[in-house]
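Here's a solo chain for you in structure tokens, the form predicted alone.
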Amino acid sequence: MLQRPRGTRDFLPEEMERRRCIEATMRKVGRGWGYREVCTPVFEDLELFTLRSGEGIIQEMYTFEDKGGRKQALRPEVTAPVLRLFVNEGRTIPKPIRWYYFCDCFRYERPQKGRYREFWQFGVELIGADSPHAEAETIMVADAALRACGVSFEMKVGHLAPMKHLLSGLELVFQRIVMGYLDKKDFDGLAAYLASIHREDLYDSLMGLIACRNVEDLFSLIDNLPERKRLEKVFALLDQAEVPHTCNFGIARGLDYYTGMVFEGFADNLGAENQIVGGGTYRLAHLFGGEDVGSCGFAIGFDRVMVSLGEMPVPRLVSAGVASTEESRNYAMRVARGFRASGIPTTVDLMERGLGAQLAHLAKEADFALIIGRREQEKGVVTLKNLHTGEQKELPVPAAIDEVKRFGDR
């Protein structure tokens, strides 16, 4: 028996209904902030991703050559494709451009709880606004999307300027290694590495930076930071908007990619793999032949959101099913069409079962049975049976529709 590929999942209807409910909530939040949806191809030229992240990312990707010998890749993330879309199609659109996406992505990595080889992301890209207000809005949208879904989380906000300031005396290759230790929170490894390059003096400063929990702590450590006013403005805007957050200037996200503000969100109930959102300020369009524009964005790990939410109840439409005799089938089909046209999911028997067997089946999957025989057909009515209470009554079709809708509105 063939099995699904490792790191992928099948979703039954109940799970899909939960996922679509949360997906719709995120889309509604994005639209409410003025963001409009875009969609990019599921595969792109491999170079699109190596330009941003380097050749090392190839081992984490699904790559292939098409029949023309062109190197392609299933998208491992969506920011690069969206910025490629901006360069190709959006350069004449008035800025700032507010776009959001909901896409599946693919990475070849070890599957574990909340981490899959096929996964979904919801994210926004705010293109062409290089300001504290743009940075603050990006964090606010991420916060609003997660809260609207009911996720319990902690948002940590930082800025790369202090880290880059402390590491400015190191060559870029050394900076990357230091940032790698910080990202993994391997402080013993960091101390050993700094000693190996004779920069033990940086250790206390870096530990002090990580310990800062507000901007006052930061500026007592580094008082000559050129980005000070901008950084203060971002945090002031978040405070004014009452967005719960903690300062974390030890966030070490993409030194070569992010240029300023960075933030991460962590779910309260996911254990070690608990990061559910990450984002920040970046400049990427120029790598793909576009203008050098400031942008902000984030991506929410949709699958981890669903794991965090657990077995959440999902509102569902009240449903009906037709149980009819063979001689009244044509009339029953017309009744079913009328119910569906009114927005009520309605099924009919496909197995040529008897009336009793049809009712027994409907009791397992519907809220109401529409019982139709010769008498109902001749009178132009239905016998409506509430499959929860057992109550049944003979009603004209419009009245039966209204009865079912009232039940659904309760």
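In case it trips you up, residue 1 is the first one in the sequence shown, and so on. This is a predicted model, so every value here is computed, not measured.
Missing here is the form predicted together with a small molecule; even so, the following discussion is about that form.
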Name the stretch, out of 198-206, 333-341, 241-249, 273-281, where some heavy atom lies within 4.5 Å of the small molecule in the predicted complex.
273-281
Heavy atom of F298 within 4.5 Å of the small molecule in the predicted complex
yes
Indicate whether the small molecule has at least one heavy atom within 4.5 Å of a heavy atom of H159 in the predicted complex.
no
Since only the chain is shown here, I'm wondering whether Y181 would be in contact with the small molecule in the predicted complex (any heavy atom pair within 4.5 Å).
no
Taking the small molecule as it sits in the predicted complex, is G128 in contact with it (heavy atom to heavy atom, 4.5 Å or less)?
no
From the list T79, Q72, T259, Q175, which entry has a heavy atom within 4.5 Å of the small molecule in the predicted complex?
T79
Could you work out which of S328, Q121, S319, S308 is the residue within 4.5 angstroms of the small molecule in the predicted complex, going by heavy atoms?
Q121
Taking the small molecule in the predicted complex, would R84, K95 and F288 all count as contacting it (heavy atom within 4.5 Å)?
no
